[in-house]
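This document opens with one chain alone, in structure tokens, the form predicted alone.
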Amino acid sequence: MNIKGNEARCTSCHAGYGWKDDSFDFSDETKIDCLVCHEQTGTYKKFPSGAGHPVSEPKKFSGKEMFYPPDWNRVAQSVGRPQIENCGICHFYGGGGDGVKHGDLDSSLFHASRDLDVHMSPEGGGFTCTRCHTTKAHFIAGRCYKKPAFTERKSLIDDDMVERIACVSCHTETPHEPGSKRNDHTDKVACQSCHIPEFARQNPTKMYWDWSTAGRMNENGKPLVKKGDLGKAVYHGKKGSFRWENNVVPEYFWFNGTMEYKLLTDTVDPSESVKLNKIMGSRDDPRSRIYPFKVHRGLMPYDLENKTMLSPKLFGKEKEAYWKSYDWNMALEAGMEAHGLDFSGEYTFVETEYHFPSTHMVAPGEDALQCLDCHADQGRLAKLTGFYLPGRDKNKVLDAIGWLAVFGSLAGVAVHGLMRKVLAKKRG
């Protein structure tokens, strides 16, 4: 699923005006929407299918929500530093709904309790997003592509101009009290692994999305919608079947801050789950840490002959758009044509995975993981193999040495105590 061919719908969340097709001019500064990030009235809204434009006259979207033209004078006079509302109105709803993409970003953070996010809560740090996502000439710190979110593990003690995107930026690499064993973990374990015990702790997040089941209609010829126990749609005729979850335990991987992304030109093996983005890092990489992730799984279209993933045209009034005709063949052909790529005409749906690093919804210290959450037979790191983890792994030699040390220490203490008792009697 891709922006190509679907620009007018997808770009309603991008900071620009009029990105409706390939003709959009990224060098034209008049097309930058400054207000969406800086207005403070809360009344400025883009129309969902308006390619980034607000409406010029009252208009309903999908026959439901009404959108009104902005009060331009009031909106323009309200500008200030971006607040959580400015960032969240797009980032909390990425992927087409609240909590669809990121398990650690959803509308619950607009008014977070201290238990939900100790940084963003007014009862905690009271942070806005820009407190950590610092900017230089409107380049915002963060995100993981080929370039990591941060390249140096510096703190504000080392350099007061450091981008505050990493935990160590403020907390240093020894965040716990002096002498605490927990400080010895920071060279291998990301702070988030202990301090984000679960994500989606208030609102549910979408964990599975099966596009292959899309296309079912109700008795009125409209896309069928079914809701589940969590109040979210578990089926929608436009998009397929979903699974939502609350209080999700993350999956853990070695991560150095960079990812590789699957391209539409890359051949893939459909016999195993296709990793649409690959987490980079290993235990032997000094920049890697054990990091928590949401793994979003699903079924997506795949070209049987070209052995590549497919990107359909979903949105539009043209008959080729899937949400117009509900014909996958036409939608896939139009979508790949928008990319200038070939579609063989033969398709199926394959299992996919997409990895989202978890870094928001930081719990208070008293709710962080304890030692036995990981150092146990079936602890959280049970699947992260390739290294010896005390309490989880068994090694006869190491175990024997450990028990000898324990018994030796006990014997030493006992002998020392006995000698003191004997010597005390002699003095008496």
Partner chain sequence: MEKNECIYLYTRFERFWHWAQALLVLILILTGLEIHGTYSLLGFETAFSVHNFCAWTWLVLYVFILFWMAITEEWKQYIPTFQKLFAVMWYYVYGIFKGDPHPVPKTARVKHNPLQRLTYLGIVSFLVPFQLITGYLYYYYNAWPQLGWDWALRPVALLHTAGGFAMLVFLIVHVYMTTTGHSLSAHIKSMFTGWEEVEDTAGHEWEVKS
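Residue numbers count along the first chain shown, from 1. Note that this is a predicted model, so its numbers are computed, not measured.
Below, we refer to the form predicted in complex with its partner chain, which is not included among the displayed structures.
Should the three residues Gly391, Asn395 and Leu423 be counted as contacting its partner chain in the predicted complex, with contact defined as a heavy atom within 4.5 Å for each?
Every listed residue reaches its partner chain in the predicted complex, so yes.
Among 316-324, 207-215, 267-275, 184-192, which stretch sits within 4.5 Å of its partner chain in the predicted complex, heavy atoms only?
Flagged stretch: 184-192.
I'd like to know if Gly402 sits close to its partner chain in the predicted complex, meaning any non-hydrogen atom pair within 4.5 angstroms.
Heavy-atom contact with its partner chain at 4.5 Å: present for Gly402.
Could you confirm whether His111 comes within 4.5 Å of its partner chain in the predicted complex, counting heavy atoms only?
Taking the distances in the predicted complex, the answer for His111 is no, it never comes within 4.5 Å of its partner chain.
Contact label in the predicted complex: Leu381 to its partner chain, heavy atom within 4.5 Å
It does not: once its partner chain is placed as it appears in the predicted complex, Leu381 has no heavy atom within 4.5 Å of it.
Ala368 versus its partner chain, in the predicted complex: is there a non-hydrogen atom within 4.5 Å?
Ala368: no contact with its partner chain in the predicted complex.
Who in 263-279 is close to its partner chain in the predicted complex, meaning a heavy atom within 4.5 Å?
Residues within 4.5 Å: none.
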